[in-house]
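Listed next as structure tokens is one chain, alone, in the form predicted on its own.
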Amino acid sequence: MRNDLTFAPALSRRAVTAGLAAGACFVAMPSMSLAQGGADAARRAVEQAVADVNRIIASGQSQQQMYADFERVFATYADVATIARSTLGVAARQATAAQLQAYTQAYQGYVSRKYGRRFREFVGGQIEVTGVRPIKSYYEVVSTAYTRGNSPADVRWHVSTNSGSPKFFNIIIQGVNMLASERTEVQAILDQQGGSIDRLTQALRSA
């Protein structure tokens, strides 16, 4: 199935959001049936996320309205808590529950604005989901992004169904682990803020 993808080129040319895999060993027929159900759910989640982004871009809304809608898409389809904690790294273990919650919320808005600024530049692309495979405890949704003026890009979405609903927590684009890239960027900002999680949170809110 092929869907419009307005943001694939931006992602395919940037080092930004990040790394996974999915699944389990299937022996009995009931286990295989459950696994297939999870794979189908992971695939649908990716296709729905892409479709929602395309609708926002085609809506003609103001930039600020688009950012708000992009944030809702991110909150709906991504495992924001897992991604945010991963980007915070070792500092997450020293953070209080309140600090972690504030950082996660700030990071959610930061990522939504960051990619929202790029999305509108890439209208007219397409993404074709070609398969799903289980790797360890999650699923990898394999796809190809077709964008005007660029060669097709390999895009792999890492999706977990452990929470009961499928959520992506990493994207691999042309071999680039975007979660790892985000972690590097956040750590650099944290260093600039003297290691203070509170100041990091404030910096992301204003970025």
Partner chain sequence: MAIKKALLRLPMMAAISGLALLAACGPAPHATGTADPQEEVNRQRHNFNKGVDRHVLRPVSHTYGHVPGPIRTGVSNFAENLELPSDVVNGVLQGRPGNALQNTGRFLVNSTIGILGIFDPASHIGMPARKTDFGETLYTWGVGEGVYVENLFFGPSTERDTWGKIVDQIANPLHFLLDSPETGYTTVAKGGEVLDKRYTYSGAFDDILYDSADSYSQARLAYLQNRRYTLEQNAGVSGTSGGDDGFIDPYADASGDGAAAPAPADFIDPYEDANAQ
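If you're wondering where the values come from, they're calculated on a predicted model, not measured in any experiment. Numbering follows the first chain given and starts at 1.
This next part talks about the form predicted in complex with its partner chain, which is not shown.
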Does the 4.5 Å heavy atom contact test between residue 176 and its partner chain in the predicted complex come out positive?
-> yes
Does at least one non-hydrogen atom of residue 135 fall within 4.5 angstroms of its partner chain in the predicted complex?
-> yes
Could you tell me if residue 72 has a non-hydrogen atom within 4.5 Å of its partner chain in the predicted complex?
-> no
Its partner chain contact at residue 67 in the predicted complex, heavy atom, 4.5 Å | no
Its partner chain in the predicted complex: contacted by all of 82, 85 and 185, heavy atom 4.5 Å = yes
Only one of 145, 57, 172, 49 has a non-hydrogen atom within 4.5 angstroms of its partner chain in the predicted complex; which is it?
-> 172
Neighbours of its partner chain in the predicted complex among 139 to 157 [non-hydrogen atom within 4.5 angstroms] | 140, 150, 154, 156
